[in-house]
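Next up: a single chain in structure tokens, the form predicted on its own.
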């Protein structure tokens, strides 16, 4: 994907004021498996698609626990995400050792953004080709951040990254205003539904979906696969119900209109 003479080095500006190597790293995030995050006032849910590269291999992890109050979901180069996850764990451990208190989510996100930014300003480094959804809970409440390979970070009510994430974003944009009042189970259901939107026709099963949650009086952990399967089955039942009722409604309508046609 050689674009022009200005994309051979991460520190070389184009005449249009662009760093193409950074843009390529952001493109790597778009090519990764989809990841979704949602938050209410008390909980944050992360969900990812875990498709194996081959029928003979297992899938790679896309969700990592950083601390009891923080977890991340990644999209892009999994190896880069694993390295950054280890860096985040070390930051949380060091802060807890020195201050004997959990590291605030916003402070951790800033440190991660600073680390990513350095890679856009050193000719002997390359940008991290991974985007991270950081979910956490601290004294100020529940938080959901997105960290970009460029070193930028944003806080969201709900967000989706990765391949075909636009479908999930459209779904979340229609419902995000009510997320603050959602219960724990409602957040999980909407997260799974958003992940289903990114599959675009492929069947969603618990084997290709990972869901994690953190909240008040609930440390960050993965949701059991059986629970996910039950939620997926209940969603399919609700989708099939209107289709079964439609022919009956048409028959009733036809019987009512028949006398007027005579």
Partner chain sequence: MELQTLAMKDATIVDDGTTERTSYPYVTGTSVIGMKYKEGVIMAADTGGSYGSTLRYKSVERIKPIGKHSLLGASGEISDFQEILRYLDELILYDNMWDDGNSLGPKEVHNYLTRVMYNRRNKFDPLWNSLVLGGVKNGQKYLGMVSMNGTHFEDNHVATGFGNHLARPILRAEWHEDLSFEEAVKLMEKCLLVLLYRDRSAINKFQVAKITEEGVTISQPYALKTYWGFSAFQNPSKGAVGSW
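Residue numbers count along the first chain shown, from 1. Please read all numbers here as calculations on a predicted model, not as lab measurements.
The following text describes the form predicted in complex with the partner chain, which does not appear among the structures shown.
Using a 4.5 angstroms limit between non-hydrogen atoms, residue 118 is distant from the partner chain in the predicted complex. Contact annotation for residue 106: at least one heavy atom lies within 4.5 Å of the partner chain in the predicted complex. Contact annotation: residue 91 falls within 4.5 Å of the partner chain in the predicted complex, judged by heavy atom distances. Although the partner is absent from this view, residue 97 contacts the partner chain in the predicted complex, with a non-hydrogen atom inside 4.5 angstroms. Contact annotation for the candidate site: 101, 110 and 140 all lie close to the partner chain in the predicted complex (heavy atom within 4.5 Å). Heavy atoms within 4.5 Å of the partner chain in the predicted complex map, among the stretches 132 to 140, 71 to 79, 183 to 191, 168 to 176, onto 132 to 140 alone.
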